[in-house]
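Just one chain is shown here, as structure tokens, and it is the form predicted on its own.
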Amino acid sequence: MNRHVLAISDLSDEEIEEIFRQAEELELALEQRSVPRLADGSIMATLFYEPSTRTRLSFEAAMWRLGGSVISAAEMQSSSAAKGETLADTAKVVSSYADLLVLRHIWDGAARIAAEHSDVPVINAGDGSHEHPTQTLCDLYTLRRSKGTLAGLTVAIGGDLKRGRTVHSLVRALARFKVNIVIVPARGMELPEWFLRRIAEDYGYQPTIARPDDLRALARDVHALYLAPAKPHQLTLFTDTEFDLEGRLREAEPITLDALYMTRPQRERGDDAVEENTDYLRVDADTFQDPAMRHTLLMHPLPRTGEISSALDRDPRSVYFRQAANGVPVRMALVNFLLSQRARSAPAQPSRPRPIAPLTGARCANPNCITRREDVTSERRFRVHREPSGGAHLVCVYCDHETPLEVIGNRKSKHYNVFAEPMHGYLENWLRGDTLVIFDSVKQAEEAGFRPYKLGPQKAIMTAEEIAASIDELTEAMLQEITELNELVIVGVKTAGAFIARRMADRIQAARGATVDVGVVDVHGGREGVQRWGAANDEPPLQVDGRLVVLVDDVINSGWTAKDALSIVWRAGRPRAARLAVLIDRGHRQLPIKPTYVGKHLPTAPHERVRVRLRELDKQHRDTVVIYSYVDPKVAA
């Protein structure tokens, strides 16, 4: 059984202490040039999908210092990843070459995917905005070496806290070690609400949130920061003139800020933050001039991009270069810890092929989650979290993000219902009976062959004649813009969208005498590529490179189905252009996706369902579009 370090929570407090004890011994051995060859004969593989200097080099230096060897893929753009190889396949193959795999990746949760497919221990060297556990080990080690302890320290953390994976691991660890935390985010870069809820639930802890101006005031007057006597591990900032400061002074004990931990703006992770954020805390010599901060350490995971003045480099309180140097002994200790754990474990059994799980189920709400980028074989993608209020949500096991619980189904009965609080009994029973299936939309449930438990009154809103007229209008609007029909490929989203695409191609044949290629994408069935209409499963997919693609679906609601379908098209090739045609636009989109061609705009309430029934799918019915509401889930049978 391999031991992985994917998050800081994968190590117990006792194991972290043991790693620090070994790191101290190895640090001394490095100074004396007498490092034992603890990894003699072992090979480390480093896979870095993102740029890195300190993390990659310190890991590789650690392995060489221990007497091991390193094989490295530092530029993944020149590896098979550039050809489209999945991370799962890369991890499976590379783990057969090495005894330890170190991964840095651009996607949240990527390290867990690698661990699921690797035959050797995996160390997360940073996955998207999720976690960076080994940087946190270096930070804790530096703090403890400098202060002699961790418990009871007060640490302020400033900068980009929304997307900083280093901060996400560090806050979790500091809460565990009972460190007082003050977070000083730049505007728009606050810790996510789901993250704060998780800290409160896991550790019974809530960091104090301050503004950059509050910390600047702290540099001038340390008595602006106090411990709240009723909560010894919580901080309260009193910077508002409306507070009775004299009264607070009599009741509270002033404390010292032990460390200020700065981070840079994570510009590579999105452009939603203001580029020149005037609220971004920048530390210079003036910040540290107050005698009250004479014992405050200045820390940074590096690289810095202007948030710390170089004038502070020579200040003995600036320990960011020491943090970087400590990466070698700390990572040496971690490598030895994992190799020793593996040596003591039973011999690994040949891995059995992992079953391919049906790709029905909710998707993570985090657009940068690995599960949104690659197929995931495990059905267990979420934990169901019950809320004290009686609600429930999903927690992604890969990236920790929360996702609303939308639609639940029963695997045995093949029925579904929209989730609401009265459905808790069903949720619990189906969960215990291993019959629970979770969907992110009603459409996904219906595409998987599930039926609703009970419907409210149905109302027909489009007849067969009106559907035919709308498809005619869609086709005519498309033909007015597209003249080179030999370059056109119409791609329908399975199931109803594919039949509408076929009808549009038939109309083009009748009107222009031109045969247009028709393809099908299966968003919910897990099949990759654009399949040719009517082709057998073993036939090659339809080519879309350099062509004009019109994607067709029956109804656009949130926009996620269209986005996933477009992603399949782009993974299959590089079209010259791509457009979207829908029979009905409900106007409830969560994503900024606008159809090029629309048959009918139909404003509806969120709880209403619009269903397109086509004669090809139900021989007993004519074409029709119906709208209906769900009944109260309490009466679900």
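One-based numbering along the sequence shown. What you see is a predicted model; the values in this text were computed from it and never measured.
Another form exists, predicted together with a small molecule; not displayed. Remarks below refer to it.
- With the partner omitted from this view, the residue of 165, 112, 372, 105 that lies near the small molecule in the predicted bound form is 165 [heavy atom within 4.5 Å].
- Distance criterion of 4.5 Å from any heavy atom to the small molecule in the predicted bound form singles out 301 from the list 121, 409, 301, 327.
- In the predicted bound form, the small molecule lies within 4.5 Å of some heavy atom of residue 135.
- In the predicted bound form, residue 46 stays away from the small molecule, with no heavy atom inside 4.5 Å.
- Interface membership of residue 586, defined by any non-hydrogen atom within 4.5 Å of the small molecule in the predicted bound form, is ruled out.
- The small molecule is not drawn, but in the predicted bound form it has no heavy atom within 4.5 Å of residue 579.
- Remark: of stretches 197-205, 301-309, 545-553, 410-418, the one touching the small molecule in the predicted bound form is 301-309 (heavy atom within 4.5 Å).
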